[in-house]
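One chain is shown next in structure tokens, namely the form predicted on its own.
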């Protein structure tokens, strides 16, 4: 049986759906499982139970401080080795993302995966196109962002989910492989153009101020993490990489511009409404 962690999140649920669409015997694990899922709380080390799981798709539990993320991943990998899991697939971060504020936890987990004693595959996912669109801000006269003129090789989350399902359905074929899964470079000007509006660039200092002052609901680690995305895009660190995605999928990758534009357009203020929080979106959900 294949088990997908974080199955109530966006990537985990899409991966589980893609596996089931392929006819795979698969279930999901979650801290708060839906019907038919397995309870899997990484913070409850003694309660982790992976008995009967042959392939574990470990969707990163990155929604926390780095030390907590690595502790959670350590716990589930220890349980996998103890309970007889035969292959671990980890959803990591593109190698071009080493400049990002959340890269260290991914690289530390990759070390753990390589050292866990089980066959493994590492999927280095590019930034979601949904996230890129979700981080753009609406103003009265168009869109704003701190991305400058930089491009990002964004990728639709559905493509990443399908790639994980392809690997999990036949893990032995992908054993010991590290795949770079990125998409076609797009800019914020491209997204604005697709939506028929203008785009204005703001500075990183102004972006940080808005995050700190206008979004009190953000967790402490999130403002620097989001600023790191903006500065990496702005200075060209995420504008392209040799990608294995089309080869893994066996088809062309989806258009990330259409996905990013749809995500940005969904947050567009309607008639009689202004953009809340200084135009800032709610990026926390888009990160999952």
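Numbering follows the first chain given and starts at 1. Predicted, not measured: the structure shown is a model, and the values here were computed from it.
Below: the form predicted together with a small molecule, not depicted.
Distance criterion of 4.5 Å from any heavy atom to the small molecule in the predicted bound form singles out 40 from the list 238, 53, 40, 26. With the partner removed from view, the residue among 137, 127, 186, 89 that has a non-hydrogen atom within 4.5 Å of the small molecule in the predicted bound form turns out to be 127. The candidate spot formed by 30, 59 and 131 lies fully in contact with the small molecule in the predicted bound form, as each residue has a heavy atom within 4.5 Å of it.
Within 4.5 Å of some heavy atom of the small molecule in the predicted bound form lies at least one heavy atom of residue 157. Using a 4.5 Å cutoff between non-hydrogen atoms, residue 11 counts as a contact of the small molecule in the predicted bound form. In the predicted bound form, residue 2 stays away from the small molecule, with no heavy atom inside 4.5 Å.
Heavy atoms within 4.5 Å of the small molecule in the predicted bound form are found in one stretch of 239-247, 216-224, 59-67, 252-260, which is 59-67.
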